[in-house]
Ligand code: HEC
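The chain that follows stands alone, in the form predicted alone, written as structure tokens.
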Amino acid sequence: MTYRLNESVPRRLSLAVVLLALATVVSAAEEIAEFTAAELGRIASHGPWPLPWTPDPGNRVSGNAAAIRLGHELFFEPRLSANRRVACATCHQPTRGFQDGRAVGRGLVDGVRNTPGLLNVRHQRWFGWDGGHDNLWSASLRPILDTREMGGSATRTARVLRNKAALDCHYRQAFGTAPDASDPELLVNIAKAIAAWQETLVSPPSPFDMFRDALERNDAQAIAAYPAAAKRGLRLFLGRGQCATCHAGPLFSNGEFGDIGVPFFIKPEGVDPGRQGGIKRLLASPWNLLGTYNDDATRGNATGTQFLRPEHRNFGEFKVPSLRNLKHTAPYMHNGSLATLRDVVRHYSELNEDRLHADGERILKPLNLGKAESSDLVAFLESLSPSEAMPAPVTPAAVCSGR
């Protein structure tokens, strides 16, 4: 007896697969059509990601393998601090996006500002909430010396380096000399090594990045994979919210400063001057790019600092942070006053304009978002963080033997 398969079954299945594929393409095309040409252009401007890495001309050991190894070890070294218990990693924890999860950072004592994350820090222009540094290595040195954070010193640092053969070896390899407390460049050198390692901290692409790239190559399946709520939130972000005015480019930050109506009073009594105080501190710093420790002989990297002057409008302004990795860096704002992304969206939705300076950032208006709109905007902001777990910091291969 001969059995025949029903040939119409696989034909029907094949037809169903084709129709499903066509439906996916049509759906993706419709989703693209929902964005205007101008919106598509602005979406494209937020990438590609990651950005290409370029060495820091002001740091002669930027990209240097021995310096990166030394910087990695020193970043996690508590013996640099006065109580031998506080390291850079105490506040900048790898599992938290190199933040600490606290409203305000705590070193030797409680601080007054939220700890910023360090992922993608190489691409910043100004460093710190007030922009009190114009380079990554001076921003790395300040907390080591600050009596409220680590309370370190050249003597303590030299002793730490000499007491561990691997650290001493890496220092000699990177800088061509032995670590000596009397060397005026010792502290600057270790800060440059720590900065060289921080330059390697880059977050992986996020769901938004995958969507953005899919739009460019017209990949229907990848476009459809991006959640509808995030798409609606993106449209709000680009349009009525005007968020992209300040949170621009691949970093989702213009790198500048603004007054967004967050109180700048600090306890027990006083105010945080924000950018105005940061400019004054930067110009007075011996480690700014106008000084002798800048390794760029042309001083081409110091133009921004050269023409910087504190103005009245800078009082109470704080840095526009990158929106990447937000899921890993709560709480938010310069004082850590907003616990969740929903709180952040609510702040802008119910913005109190009376808190804004008369000569401050006047592009801000209350968004008056509905509940669904707020949820959509949160969904978009969440899509700026990688889907997978954050990568562990790379431990460079050792070339020096320790004791």
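Position 1 is the first residue in the sequence shown; the rest follow in order. Please read these numbers as outputs of a predicted model, since none were measured by experiment.
We do not show the form predicted together with the named molecule, though everything after this point is about it.
This chain lacks the partner; the member of Q242, Q276, S285, N301 within 4.5 angstroms of the named molecule in the predicted bound form by a non-hydrogen atom is Q242. Checked against the named molecule in the predicted bound form, the residues T157, N189, T115, N314 give one hit for a heavy atom within 4.5 Å, which is T115. Annotation: in the predicted bound form, residues Q198, H334 and L364 each come within 4.5 Å of the named molecule through at least one heavy atom. Mapping the unseen interface onto this chain, L377 counts among the residues with a heavy atom inside 4.5 Å of the named molecule in the predicted bound form. In the predicted bound form, the named molecule sits within 4.5 Å of a heavy atom belonging to G258. In the predicted bound form, the named molecule lies within 4.5 Å of some heavy atom of G107. The named molecule is not drawn, but in the predicted bound form it has a heavy atom within 4.5 Å of L323.
Contact with the named molecule in the predicted bound form, defined as any heavy atom within 4.5 Å, is confined among 181 to 189, 82 to 90, 160 to 168, 209 to 217 to 82 to 90. Residues of 142 to 167 placing a heavy atom within 4.5 Å of the named molecule in the predicted bound form, in sequence order: R142, P143, I144, E149, M150.
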